[in-house]
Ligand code: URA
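For reference, the chain that follows is the form predicted alone, supplied as structure tokens.
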């Protein structure tokens, strides 16, 4: 693939802008400066750099983000900063978007991609991809509440009761809940249906992929092949 097309694909601007970057000798291919925009570069295992920052060639860009509170999962946020502001500009320019949404006050694992098929697979309710949440509740949990969540609770505007795949009290006011749907404010509404209330909410895992312990709030990381396997193995 021509080098200018590789840069454009990875969000470094228009063809003309990418051509200029290359001719200014700001681009290196596998460690060597290349000033020819039309150079035919093999994409297998390609690592290129722009202004000294390395980028691995990827057909689709998929990353995980430790979403902090106070950010909206929208490309056009209205009341708070958007989660995409936490990513570098080239990634944003590729047109990545969150897979599903977390509320502004919810923290934890958020997947972001420009792979439409992956987005569909992981966000479709029919696929029943499990998502694990840790909810801090206002009132102490009891077995009756857990039984309600596991047996199914009826939510407003839903024709049938909705049940959790798993519900476990890991502390007096700490609930670990596994769901396979992605309905609006689902965790909060389900807990409210049991007579309790969610005070804080954190997503720990999607599919078989857990939020890495060393990924701090606001930090992001590339999704690699082994991560993708964990994501889709439950689909």
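These numbers come from a predicted model, not from an experiment. Residue numbers count along the first chain shown, from 1.
Not on display, but discussed next: the form predicted in complex with uracil.
- Put simply, residue 102 is close to uracil in the model of the complex: some heavy atom of it is within 4.5 Å.
- Taking non-hydrogen atoms only, residue 196 never approaches uracil to within 4.5 angstroms in the model of the complex.
- Shown alone here, residue 71 lies farther than 4.5 Å from uracil in the model of the complex, counting heavy atoms only.
- In the model of the complex, uracil sits within 4.5 Å of a heavy atom belonging to residue 188.
- Heavy atoms within 4.5 Å of uracil in the model of the complex belong, among the stretches 52-60, 31-39, 178-186, 163-171, to residues of 178-186.
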